[in-house]
Every structure is written in structure tokens, then in C-alpha cells.
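Listed next as C-alpha cells is one chain, alone, in the form predicted alone.
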């Protein structure tokens, strides 16, 4: 991994009225790594992703991507720079077939500029490229599934569709908001190799996750948030050995998993 961060967050603060959702959170993300972000419910994890992608505006602090200040850039400009995200509550175009959900981002300026999917060159037929991407992330190409309306897809396929829409933009950084949530154990088992392959392809990932055991299989580093503040940061083993992390999780629904891992 490069010594220069791909993403730098400094003193990131977000207040909703008199409530501090994030309080002076600072961290770096390095090219090619997977950074896991964990913490009890309400600790500010999704708010942090929303701030990075400009779905909400920071109260104070700065965020830089590849050396460029993106703190005040609009969301579409940030996506055009190569930062994409999934949503905890999936947001497909429900009235369109699965592959048509990818045709829309494939018309974006970034997709046109970068030359489409895998290897550059001509973008080609967007319908075909959309199905190619779906196949890459686990849709059966020769089945009817890529042609189903998004509203008819089960959770496992909708989670993959979220990732596919990110990949249509050929991102450098993907922020995954609970990509394992709601999946069966068999679906998670097939999702983990996909995450590993994205990293091998050179994509940097930030993963918010409550499924700690699965996250620790893929994360290089983990940052823990609690009450909007960074509690600790390190390898999964270092984080789970920290007493303050166990105290933060005590009484939450994840405590047994945390204690078992530690």
C-alpha cells in the first residue's frame, strides 16, 4: 500500500441542532486497503459516510481525496472523482430491471471518461456492459435474474446490485454501509470473496459493519466510533483487545460476538 493516504479526514464534526453526531474525528485511508468502521448503534458511522460523500454537510473539519479538498464539493462531483457508496437501506430503481440500474451510471461523465468496465477502451453497448458487471458480482448471466425488476429481487441480490452500481463508475474508493446486513450465512460466504477480489483489483474500501466476524476476515485496519468520537484504531486483533472497545459494546446486541472474538 502507498504511504500517501487516498483519503484524509481531519477534525470532522457534524452537529444536528445541539447534538454532536461526529466530534472531531480524524483518520487516514490508504490506497488498496480495507478500513472497517465499527461501533454501537448511534455512534456516527453512517453520518461519517454521509459527510464523506456530501449527502450531509460538515459542521467543521476537512476531507481530502488524493490531496484535493472535497469538503464542500457536491455529491455528484465527489462521485465523478471516483468515490462511490452503497446504502444501508438499498436504493435501486425499483421500477427498472436489474441491468437497467447499471445503464444509468454508465451514462455518467466518469463512465464515459474512463472508458467503461475493466480495461478501458470503448464503452460498447451499455446493456451488455451492465450485464457483464452483474455477472462479475454474482448474478447468473444465463438466468432471468439480471432482467428481473429490482423490486422483485431478494435482499442478497439487491446488496450485490448496490455494489454493481458503484462499480459501473470505475471507482477508486467504495464506502460500503453494512453490505453484510440482512444476508444469510451462505450469502455472506459468497460475498466475502467478492470483497477480497475488489481489493485485489486495486479498489480501496471503507466498510461500516455490524457483522464483526465477517468484517475482520477482510479488513486491514479497524476504527471504532462511540458517541461520535474515535475511540481506537488498529488491526482487528488490537482493537478487540482494547478494554474501552469492550466497554463501548457492553450491553449492545453485538457484545457476545465481540467477546467471543476477543
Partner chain sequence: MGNGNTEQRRRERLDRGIKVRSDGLYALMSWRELAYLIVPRLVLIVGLLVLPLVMPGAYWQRVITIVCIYALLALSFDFLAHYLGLVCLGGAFFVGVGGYIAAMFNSSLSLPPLLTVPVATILGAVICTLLLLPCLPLRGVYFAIVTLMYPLVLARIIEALDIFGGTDGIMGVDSFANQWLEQYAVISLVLLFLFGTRRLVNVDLGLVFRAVKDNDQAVRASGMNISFYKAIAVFVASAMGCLGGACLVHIYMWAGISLFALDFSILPIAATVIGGAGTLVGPVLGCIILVPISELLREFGTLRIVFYSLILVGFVVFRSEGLMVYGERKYHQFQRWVKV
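Note that the structure is predicted; figures quoted are calculated from it, not measured. Numbering follows the first chain given and starts at 1.
One more form of this protein exists, namely the form predicted in complex with its partner chain; it is left out here, but the text below deals with it.
Annotation: in the predicted bound form, residues 45, 61 and 227 none come within 4.5 Å of its partner chain through any heavy atom. Contact with its partner chain in the predicted bound form, judged by any heavy atom within 4.5 Å, is made by just one of 175, 98, 179, 169: 169. Comment: its partner chain is not present in this chain, but in the predicted bound form one of 114, 108, 71, 88 has a heavy atom within 4.5 Å of it, namely 108.
Segments offered: 188-196, 135-143, 152-160, 99-107. Contacting its partner chain in the predicted bound form at heavy atom distances within 4.5 Å is 99-107.
The shortest heavy atom separation between residue 148 and its partner chain in the predicted bound form exceeds 4.5 Å.
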